[in-house]
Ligand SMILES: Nc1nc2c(c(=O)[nH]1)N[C@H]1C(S)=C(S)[C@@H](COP(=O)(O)O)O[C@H]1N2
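Just one chain is shown here, as structure tokens, and it is the form predicted alone.
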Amino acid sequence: MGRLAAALSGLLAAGAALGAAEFGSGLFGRPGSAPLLAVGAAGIDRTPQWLKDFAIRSFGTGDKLVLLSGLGAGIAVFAIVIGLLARRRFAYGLVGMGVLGAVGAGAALTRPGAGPADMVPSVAGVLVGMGVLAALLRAAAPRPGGSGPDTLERRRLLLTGAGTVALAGVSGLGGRALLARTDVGNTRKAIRLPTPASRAKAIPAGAQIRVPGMTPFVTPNKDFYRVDKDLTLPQVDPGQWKLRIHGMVAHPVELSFDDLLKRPLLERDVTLACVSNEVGGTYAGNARWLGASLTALLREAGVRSGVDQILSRSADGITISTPIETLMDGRDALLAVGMNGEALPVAHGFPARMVVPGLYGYVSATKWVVDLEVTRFATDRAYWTRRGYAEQAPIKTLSRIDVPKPFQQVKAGRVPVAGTAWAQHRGIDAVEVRIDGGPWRQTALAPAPGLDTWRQWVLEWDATPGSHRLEVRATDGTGTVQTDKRVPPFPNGATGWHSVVVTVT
């Protein structure tokens, strides 16, 4: 048997194993137990923070696709090695396939809420892989009396290989089809949200700067940034959803989704921002949220003295710690069920999530939330704080130039320079722009409905030919001017002035 045939046998056997495991995960309704996803998720949890930040900065929302592609490439290389080892001794190939299965099963067991059943897809997959490897090697083995050099061997290998590819494809697609049973998309679409007990203020006329290429004041749901660690979105059935409020409280509370919809719901415009957002980055978005008051819920539970945090838990197992003082100081902290007039999209936390104005998402914006534990920072540490992020994370004052884009060419004459600034729960009082290090010039600020949303601005610039550097800074509602000191997002948010270089022709 040639090396090429052996390598191809290993590759096809691994593909069949992954397809069978995918089918098994669909059969059991456990998407996170599929080996590729389980290993990827376990890898995310163990990835150094600097590497996570690099991936988010470099690949944006495509970071998960890059991870899975890299993982697939690694499996392919290992599978080729398995085939080459099996060419020497079949037992070596079986051991290699066993290693693949053990890694997948072990990773599946590390997922939140995992049990013995989550190992089954990997075990079934590796058994199929072993059988396929044996069949391929047998098909590739030369037989006495062949009609020509390796002709029969190649024909047998080709036919068996084609059957293997078909098996892998059908089983993989079958697994995806079975997993579609757990999809809550249709359930979400059928939900009719109640009328708010307290409506949001009308968005003022002129809140949207009318300049081509300008960021929308209200971010459409499909364009709202998403930064999380999930390779597959949690599918939480609202009919089965429960929220527990417990811990250091006088009266533990448990709510169903119907209970939540029956409460007085508040409608509020709130801009959210991710701590991973670089200066000038796009991990910020503004939406109209609908939800119950978190403050009211905590008061009903009766928070005991000595408490300083709420440890919230998501259906995907992630924990987030929120300082209790920010939930009780009068801001409109919500247990949200709606976003821009419809039920929360699955990618943004359906059926319920937290929305807390003025805090970065990693200490406030728990999606798919199922548990609120009233506790202390000294007792319990959340997912991100265990990884070195700060416990206290108020959003920093930032401003961004949206138009013109970096390195854009514009014509000489009157050029609008426009952008967005935010300092949630403090508001934006002023935005200034300077050209080529010259004097700061006040921009025209668009109105905003409140302190918890971003604010747009525009400056008319008389542009002259040449290359020019534009810089922006904002002043928040407390009178604090945005610092020029550049710091990275870790551990509590980036700072610095955003700048772009443009060419005027």
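Don't overthink the numbering: it's just position in the shown sequence, from 1. Please read all numbers here as calculations on a predicted model, not as lab measurements.
Just so you know, the form predicted in complex with the named molecule exists too; it's not on screen, but the next bit is about it.
Chemist: For the chain seen here without its partner, which of 87-95, 422-430, 210-218, 223-231 has a heavy atom within 4.5 Å of the named molecule in the predicted complex?
Modeler: After filtering at 4.5 Å, what remains is 223-231.
Chemist: Test of understanding: in the predicted complex, would K367 fall inside 4.5 Å of the named molecule by heavy atoms?
Modeler: Close contact exists here: in the predicted complex, K367 approaches the named molecule to within 4.5 Å, heavy atoms only.
Chemist: According to a 4.5 angstroms non-hydrogen atom cut-off, is L137 in contact with the named molecule in the predicted complex?
Modeler: No, L137 is distant from the partner.
Chemist: Looking in the predicted complex, any heavy atom of D316 within 4.5 Å of the named molecule?
Modeler: Result yes; D316 sits at the interface with the named molecule in the predicted complex.
Chemist: Although the named molecule is absent from this view, report whether R353 comes within 4.5 Å of it in the predicted complex, heavy atoms only.
Modeler: R353 belongs to the contact set for the named molecule.
Chemist: With the named molecule left out of view, choose which of I320, V279, V415, M130 has a non-hydrogen atom within 4.5 angstroms of it in the predicted complex.
Modeler: If I apply the 4.5 Å criterion carefully, the residue I get is I320.
Chemist: Using a 4.5 Å heavy atom cut-off, which residue among A79, I310, L272, V337 comes into contact with the named molecule in the predicted complex?
Modeler: Here the answer is residue option L272.
Chemist: Should the three residues H348, Y362 and W384 be counted as contacting the named molecule in the predicted complex, with contact defined as a heavy atom within 4.5 Å for each?
Modeler: Contact check passed for all of H348, Y362 and W384.
Chemist: Which residues from 459-473 come close to the named molecule in the predicted complex, meaning a heavy atom within 4.5 Å?
Modeler: Sequence-ordered list is empty.
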